Ligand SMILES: Cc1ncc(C[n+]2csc(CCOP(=O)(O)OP(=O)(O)O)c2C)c(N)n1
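This document starts with one chain, in the form predicted on its own, laid out as structure tokens.
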Amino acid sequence: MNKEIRNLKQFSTSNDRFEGAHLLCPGCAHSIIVRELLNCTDDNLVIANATGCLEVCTAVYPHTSWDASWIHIGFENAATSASGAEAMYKALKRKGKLKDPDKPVKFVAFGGDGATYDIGFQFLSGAVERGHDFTYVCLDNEVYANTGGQRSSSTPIGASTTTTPAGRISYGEKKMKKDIVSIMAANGAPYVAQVSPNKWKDMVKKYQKALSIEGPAFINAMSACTTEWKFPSNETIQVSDLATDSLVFPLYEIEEGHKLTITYRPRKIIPVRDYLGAQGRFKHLFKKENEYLIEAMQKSVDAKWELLQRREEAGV
């Protein structure tokens, strides 16, 4: 059952199923994203967590931050684990072996962008294709942050990482970020969406919608990484605001594979260079020889925004 969320004060003082005593970096957005999902519903939760920052920093034996059923599984298997638990729950219910069969249980998987865009992609695709009733949340910080800052297929072009370092002969990452939201919509998920922690009401509404539908749901959550994006730890929400207001990370949802709805339209759209300039991973782009990349990124963001608006208008 979804909670009625009236304001931030009420939400921030609700029962917390994700405790604050963890080892995530100061300023890490992971905890905001996870806490909002766990607190937006009163239903029992079964959570599968892929290896990554979230798992490593929230379950240091003998301590845990999780006040819910929680499974740690390998990098690639969060979707497999959640779908297996969901299938077992249905089987036990059919056989009359559950103590409280009428009490709702929701199945949730968390994975980073490395576990989602790359290593666990085929397993996520399979779980969605099979139609398991679960919600998968990708904590998208655009890098393998837990293992030293290597690039993933979510890393945006121009970003400097440990495996795509910017220098005298390179401007950093050469590939465009994979469009995971469109891929998952095409994969058959009846509900997919992008969220960002600076728009907490938008995020809660999408979580509640994802948990309420029958079948697989996919949420791509931007998680600004103070360590690898290289910004001060007290500027996480400011950097997130720059991402959504520059439209580098637009907020929208897609239902039944085609019905696209934009859920946030900035009153004043800011230039992409303002977003890039707030992060050390892009500082080399402001050298004269790399400035053309900023212009190219602006054109790419503008084209994507135009496409989203046309898709929303056309309903496709």
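One rule holds for the numbers: they count along the sequence shown, beginning at 1. In this text the structure is predicted, and so the values were computed from the model without any measurement.
FYI, the form predicted in complex with the named molecule isn't displayed, but the following is about it.
- Figure note: of the listed segments 167-175, 95-103, 214-222, 70-78, the one touching the named molecule in the predicted bound form, with heavy atoms no more than 4.5 Å away, is 70-78.
- Though the partner is left out of this view, residue 128 does not reach within 4.5 Å of the named molecule in the predicted bound form, counting heavy atoms only.
- Under a 4.5 angstroms non-hydrogen atom cutoff, the named molecule in the predicted bound form lacks residue 39 among its neighbouring residues.
- Though the partner is left out of this view, residue 147 does reach within 4.5 Å of the named molecule in the predicted bound form, counting heavy atoms only.
- Although the partner is absent from this view, residue 254 stays clear of the named molecule in the predicted bound form, with no non-hydrogen atom inside 4.5 angstroms.
- Residue 143 is the only one of 143, 159, 203, 137 with a heavy atom lying within 4.5 Å of the named molecule in the predicted bound form.
- Proximity to the named molecule in the predicted bound form, defined as a heavy atom within 4.5 Å, singles out one entry of 276, 260, 53, 247, which is 53.
- For the partner-free chain shown, nothing in 160-189 comes within 4.5 angstroms of the named molecule in the predicted bound form, judged by any non-hydrogen atom.
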